[in-house]
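Coming up is one lone chain in structure tokens, specifically the form predicted alone.
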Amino acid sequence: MRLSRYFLPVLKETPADAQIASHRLMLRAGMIRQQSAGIYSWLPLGYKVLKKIENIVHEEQQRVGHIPLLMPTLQSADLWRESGRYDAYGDEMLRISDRHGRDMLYGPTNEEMITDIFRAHVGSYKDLPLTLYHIQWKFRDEVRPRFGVMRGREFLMKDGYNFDLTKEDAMHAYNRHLVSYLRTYERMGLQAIPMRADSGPIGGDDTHEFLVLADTGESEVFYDKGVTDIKLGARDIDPYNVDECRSVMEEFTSLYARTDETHDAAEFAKVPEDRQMTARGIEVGQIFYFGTKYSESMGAEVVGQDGKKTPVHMGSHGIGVSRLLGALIEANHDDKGIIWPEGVTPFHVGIVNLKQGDDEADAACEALYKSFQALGLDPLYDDRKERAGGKFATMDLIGLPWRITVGPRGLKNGVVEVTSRRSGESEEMTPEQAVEKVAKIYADL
């Protein structure tokens, strides 16, 4: 993409109502525009990152055998009355009526609808196990929406639902989701710690939240600092192997890590004092096992091997896709702007022409631009007739991990400058070497 042809409405001033870094930077970088309290339009740069996150979530879900579908945003109130949650959910649910007077709602979650789909099409234990998921917009009518996309009213969420014959099978699905979530977050350059949590209105006895440590987090968290040393890395975990998934679950949850809602001071006191940590965290996902809570109330049953009907065991598993974008910025920024991890950057590399209109500089930038495109990479070429300082400021603000600076002085010596946004370090090399260096970084992801 050439910046002269792109829609990037950056702001020079920091919006007064933006309280946290991610909100300020998303507005300043032209990623979002607020349309109403807690509701945003996603402008091209923000939408590009959002799709990168969404694609990673899709890839990791399908890697472990989960099947995508798409359910509507509007749901019938009758389904929620079946489960008993229509009146119990509270004022966060946006309730509406259609022109025929039928009660509808803008879905805050989809347990009822997916259970209805399951009971209509699955009747035998032979069709289990089954995990279905989708990525869809949700709405929860927050009393005080704030912090931009971190706590908006409309948000993009991945929610998945497993259906199993027994509790043991369902707990394997729970552990499998934990493995897939850990890999999802690590691919984005995030460490999200699974912590014992409260199930809230979804219900169930087993639930873990995944939290990214950040000063602006809405939850107070208590943990053994040893949990921050555990990484999934490149381990090849078989999602169908019960023991392998259970082992990962035990490894990542054996040390103390809880949110304030489930914090147990007596248990925490057993952690060696030098390892007791208190911080704040941003929730970016949650997994639940809730047994037969919905299947019993809504008649989601299968015929077992004994010929008798039995309610299925279920769980639900969410990832806040749009919230992740805010969490990524909270964990990756400085006073100049955003610092995107390579896995989610909107463009792989920025090309800055210091003297637009100079034949040699223009030709070198065009060659770099085409070389990256030929390798399947997505460069952003700042070809505007702007001063160099303004171009650097824009690149720093939008946070591309790598920048290549091209100018007449360097080209006389046959070199361009390659700069890391994260470290700020620069290195001179030939244009060919610059392309090779950046291409290798992304090839190794």
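For every residue, the number given is its place in the sequence shown, counted from 1. For clarity, every value in this text was computed on a predicted model and none was experimentally measured.
Form predicted in complex with the RNA: not shown, discussed below.
Shown alone here, residue 334 lies farther than 4.5 Å from the RNA in the model of the complex, counting heavy atoms only. Although the partner is absent here, residue 19 sits close enough that one of its heavy atoms falls within 4.5 Å of the RNA in the model of the complex. The closest heavy atom approach of residue 110 to the RNA in the model of the complex falls outside 4.5 Å. In the model of the complex, the RNA sits within 4.5 Å of a heavy atom of residue 146.
Although the RNA is omitted here, in the model of the complex all of 14, 140 and 390 have a heavy atom within 4.5 Å of it. Stretch-level contact check against the RNA in the model of the complex with heavy atoms at 4.5 Å: of 46-54, 62-70, 373-381, 390-398, the positive one is 390-398. Of the listed positions (286, 345, 175, 184), a single one reaches within 4.5 angstroms of the RNA by any non-hydrogen atom in the model of the complex, namely 286. 150 is the sole member of 338, 150, 365, 328 with a non-hydrogen atom lying within 4.5 angstroms of the RNA in the model of the complex. Along 400-438, residues 403, 405, 407, 408, 409, 410, 417 each place a heavy atom within 4.5 Å of the RNA in the model of the complex.
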